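Consider the single chain below, provided in structure tokens and representing the form predicted alone.
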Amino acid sequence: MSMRVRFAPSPTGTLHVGSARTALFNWLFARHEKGQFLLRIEDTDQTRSKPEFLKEILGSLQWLGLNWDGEIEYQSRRLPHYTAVADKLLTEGLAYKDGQAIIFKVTPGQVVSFEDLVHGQVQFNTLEIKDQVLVKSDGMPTYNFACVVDDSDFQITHVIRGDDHISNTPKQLLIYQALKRNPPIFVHIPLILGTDRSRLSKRHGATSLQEYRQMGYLPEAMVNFLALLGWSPGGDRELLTLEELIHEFDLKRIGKTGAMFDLTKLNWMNNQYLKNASLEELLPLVEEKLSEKDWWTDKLEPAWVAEVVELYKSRVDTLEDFCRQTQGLFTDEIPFDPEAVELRLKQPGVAGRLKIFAEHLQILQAWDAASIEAACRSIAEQLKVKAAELIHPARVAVTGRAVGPSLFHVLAVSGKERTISRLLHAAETLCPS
């Protein structure tokens, strides 16, 4: 039998990064082993399952590049089948009815053991397990029962899931045994933890994949980052392409302890991917992000946008960060950093220097970084001040920020009219008279 794994989300919420990591591990294992990656939607909770959540989950998987094999299976379309399987257990005396519910009998005092590929030998005593509901009074199958029926029907060979499911495994094994079906190999992967080593939750920040997508993380960086949460390719390698991840993925390299979701590392990794991405790859993403903010207009010249992207792409962590740093270039509004204003514009003599700088820029024949730099340094020499005493306040006046790429390149893409206008505006309204 060929290797078959599955990812089985419930459409009761958006895709959690932990679930995305589980999907990724299943997908990488399937592709490494040249097996199949199946997608099953566990939508038997009719109250909480929503079409919008299903759409988001499927969209997030596609965004990550996790294509599935065959048709999507929906548990809600298999309800008569679950009831038929439960009725067979009733007939065999292995289950009983309690009202409209069907309950599986658990014999106390048995030892249920299984070999987990991450945790090794795991044992449970059935004294710790009460009789299990198979079909609820409303006719809906329970998670453990439907899971066993589906995994065996679709010949799933490996179940790779979070280790919060370990306690479900003995309950499922008892059902496998009663149905006389062979169980899969179980692989329980460590949970994702926050920086305080507790289970990742909203108090640690964003937890849904959708939120990271909206913040402007690249899917390639997200895949790379998630793959290294609880798994290692060996050595000190951290930046791996999808092809490299597929080639290197080995279940034996999954760790036993929880993996920490380190946002600083994700930002660094995304920065590396942005830095190395081509303009052809980035420009459509930048246009999409600017359009979301209503900053994109038909007046924007693609060649100019490309200049801005090239100037900033090595300095930003996300596409949202790119927008934060470049807002003053795409809009008339300058998001002034109060600390930068206080530090760079409130000093004596700044207003006069900015006005003189603006006057010299007004008469420049060529508007490029080299010409602007030459004018700046010439003025500084005439005023007998360091060039930095002109560069720093000019940056804040034009961009609102204290840091950024080379000021002269920023002013070049900002344009002559806007640059001069902002220098004079800051001198007259933000600097002490």
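Since we're looking at a predicted model, the values are computed, not measured. The first residue of the shown sequence is 1; numbering continues from there.
Separately, the form predicted in complex with a small molecule exists; it is not shown, and the next lines address it.
This chain is drawn without the small molecule; in the predicted complex, the residue among 315, 78, 181, 165 with a heavy atom within 4.5 Å of it is 165. Of the residues given (344, 161, 158, 353), 161 alone sits with a heavy atom within 4.5 Å of the small molecule in the predicted complex. Although the partner is absent from this view, residue 85 stays clear of the small molecule in the predicted complex, with no non-hydrogen atom inside 4.5 angstroms.
Although the partner is absent here, residue 143 lies within 4.5 Å of the small molecule in the predicted complex, judged by heavy atoms. With a 4.5 Å cutoff on heavy atoms, residue 147 counts as touching the small molecule in the predicted complex. For residue 18, no non-hydrogen atom is located within 4.5 Å of the small molecule in the predicted complex, even though that partner is not displayed.
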